[in-house]
Ligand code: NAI
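This document starts with one chain, in the form predicted on its own, laid out as structure tokens.
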Amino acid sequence: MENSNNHPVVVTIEGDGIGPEVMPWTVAAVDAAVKAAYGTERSIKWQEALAGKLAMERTGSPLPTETVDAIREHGLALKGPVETPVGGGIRSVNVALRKALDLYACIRPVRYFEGVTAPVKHPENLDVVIFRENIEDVYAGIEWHEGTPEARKVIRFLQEEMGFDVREDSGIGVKPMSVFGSKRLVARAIQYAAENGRSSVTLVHKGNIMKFTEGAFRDWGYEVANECFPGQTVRESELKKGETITPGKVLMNDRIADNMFQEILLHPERYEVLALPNLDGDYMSDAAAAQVGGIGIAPGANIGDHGAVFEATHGTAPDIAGQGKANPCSLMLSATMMLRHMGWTEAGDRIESAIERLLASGRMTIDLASAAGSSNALTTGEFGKAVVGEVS
């Protein structure tokens, strides 16, 4: 991975559907924020790459080797929503990209923006950062269709060698979760909490049923806290009733996944950082985003030890593509995550603050305006121009 500290190359994947509408305004906002914060001392060199439907049409591959190599070389990418073409040879472009670059941590900060209509009474109480394991669990993609020779072979093995009663007409999937994969995810979550003044990390799992996968995730999470952060973490069970942790330390606790869905609705203020296996994290991140207004304003990042891809968390929305109705907030807020990841916090803060001011004043795209009962919606271009003006 090579990159200049003050003039880095960032790979952009415009994507499909509404991607070509939201990406240019996001790039414009980033350039404006960087210039306003640092003048000519810092700048980003944007390098375009292809993935998804457009890549398939132009190159015959939904994820060209050149795209993966470019991100691997430069270490940073900003990605719009992409479509996985039928017959593309891979189940998901997004998953394939994460696996190719070992982007094992899906990070989703979820918070409320004033002015956005939300389905709960106090959405402002939710301010959580979700760390979801991105490679293992169901994303390992190990499964066999019902009735295939492979499925029958696995069923026979389970019946005859392992003593399990499995119906013959079953589809079969395998859910691998490793010590290595689980610990590095939880370690990143703890490190984030320690560096960003977050006072707790909650391990979310279904370990009461899946004891040797999700239950092990919980155990390995506590182990990595003891092994790598012994002076920085305190386990909830070690506290006496009514006792609080020393300021600056991180409280480690865990919750069963189904109970956590209730907790994040009833007591969102109790949780600051969540660390979850893949499938639990998938559900939880979207459910949390729904509490504050939806994934249209939810940023996301896929980060590994040698690279990072920041992306819109929504889909391609082909039904509104080209109509000026797309909301660029998700991609713009993902770009703020990228800037902070680079250490360019001042520029990232400028974009987030600009979006805050616009939404609080009622200036928003049609998806948010409709939910708020407003008829004064901005087009994608109008909103993008407003953000650029606010950060400049």
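None of the values given here were measured: they were computed from a predicted structure. Heads up: residue numbers just count along the shown sequence, starting at 1.
One more form of this protein exists, namely the form predicted in complex with the named molecule; it is left out here, but the text below deals with it.
Visitor: Check whether A100 has any heavy atom within 4.5 Å of a heavy atom of the named molecule in the predicted bound form, and answer yes or no.
Guide: Close contact is absent here: in the predicted bound form, A100 is far from the named molecule, nothing within 4.5 Å, heavy atoms only.
Visitor: Does any heavy atom of E83 come within 4.5 Å of a heavy atom of the named molecule in the predicted bound form?
Guide: E83: yes, in contact with the named molecule in the predicted bound form.
Visitor: Can you work out whether V179 and the named molecule are in contact in the predicted bound form, taking contact to mean some heavy atom pair no more than 4.5 Å apart?
Guide: No, V179 is distant from the partner.
Visitor: Taking the shortest heavy atom distance, is G75 within 4.5 Å of the named molecule in the predicted bound form?
Guide: Contact check for G75: no, nothing within 4.5 Å of the named molecule in the predicted bound form.
Visitor: Please determine whether each residue of K79, N94 and A326 possesses a non-hydrogen atom within 4.5 angstroms of the named molecule in the predicted bound form.
Guide: Heavy-atom distance to the named molecule in the predicted bound form: all three under 4.5 Å.
Visitor: So which of 165-173, 137-145, 200-208, 304-312 is the stretch with heavy atoms within 4.5 Å of the named molecule in the predicted bound form?
Guide: Only one stretch passes the 4.5 Å heavy-atom test: 304-312.
Visitor: Could you spot which one of A118, I320, A287, L279 gets a heavy atom to within 4.5 Å of the named molecule in the predicted bound form?
Guide: By the 4.5 Å criterion, the partner-contacting residue is I320.
Visitor: Hey, which residues along 355-382 are within 4.5 angstroms of the named molecule in the predicted bound form, non-hydrogen atoms only?
Guide: Heavy-atom contacts within 4.5 Å come from D367 alone.
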